[in-house]
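Below you'll find only one chain, the form predicted alone, shown as structure tokens.
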Amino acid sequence: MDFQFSVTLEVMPALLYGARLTLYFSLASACLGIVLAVLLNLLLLSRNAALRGFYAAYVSFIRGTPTVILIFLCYYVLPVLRIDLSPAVAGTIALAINLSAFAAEILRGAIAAIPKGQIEAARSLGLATIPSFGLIVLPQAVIRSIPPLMNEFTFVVKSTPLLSLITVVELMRTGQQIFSTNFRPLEVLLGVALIFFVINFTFSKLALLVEGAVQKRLSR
């Protein structure tokens, strides 16, 4: 069967619609994952050894578990616990959980780089631990973490094809549906690959620009 690039161009509008869904799931997962990462770092403020131990266990388990296993756990196990979720919601939560462990470690490193004198100064002014964290530490940590967090986002984007395993229609699933009817998998998959490349290349370059801006701000 001869390769026909015209077929790739023909299916591109449908693939771009799938790409829109891929970006939607990626952004939703990233936002939820970062919120979870912040909450996880709050556990480290506690003097309770059990909470700090939970952080270490959670991060180790999630980072050591393949993303596809987390997706299957959210999709198949939660209904057993009478938590019924749609495939899209279950997949989004799974990607967010996976990201949260990596983002939590990124934030933890950024928080550790902030001078402890700032926290001591805040406490001397009467601010409690959590307000000091939310008003002084967290904003600085987030700014320092933007470049690596944006790099993690590209991994989220590249993980979205796994959602097709639980019938979520995103870019990869859209491509599968197309070549199952036109029997031109090579041309369709080329289109899928090109779109993924453009998305990740764009965010990678944006991450470099943001990193430069952050470094300039921190060097002032």
Partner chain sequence: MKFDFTIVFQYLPQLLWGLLVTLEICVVALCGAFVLGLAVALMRTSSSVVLRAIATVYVDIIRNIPFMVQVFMFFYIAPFFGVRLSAMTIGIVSLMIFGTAYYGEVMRAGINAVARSQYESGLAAGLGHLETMWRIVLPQSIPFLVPTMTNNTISLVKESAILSTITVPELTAAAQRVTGITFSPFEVFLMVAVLYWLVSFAIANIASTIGSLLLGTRIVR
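Residue numbers count along the first chain shown, from 1. In this text the structure is predicted, and so the values were computed from the model without any measurement.
In what follows, reference is made to the form predicted in complex with the partner chain, a form of this protein that is not presented.
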{"query": "Contacting member of L189, L51, V169, L32, with respect to the partner chain in the model of the complex [4.5 Å, heavy atom]", "finding": "L189"}
{"query": "R63, heavy atom within 4.5 angstroms of the partner chain in the model of the complex", "finding": "yes"}
{"query": "Close approach of Q177 to the partner chain in the model of the complex, 4.5 Å, heavy atom", "finding": "no"}
{"query": "Contact label in the model of the complex: V77 to the partner chain, heavy atom within 4.5 Å", "finding": "yes"}
{"query": "Contact of L81 with the partner chain in the model of the complex (heavy atom, 4.5 Å)", "finding": "yes"}
{"query": "Residues of 141-159 having any heavy atom within 4.5 Å of the partner chain in the model of the complex, listed in sequence order", "finding": "F155, K158"}
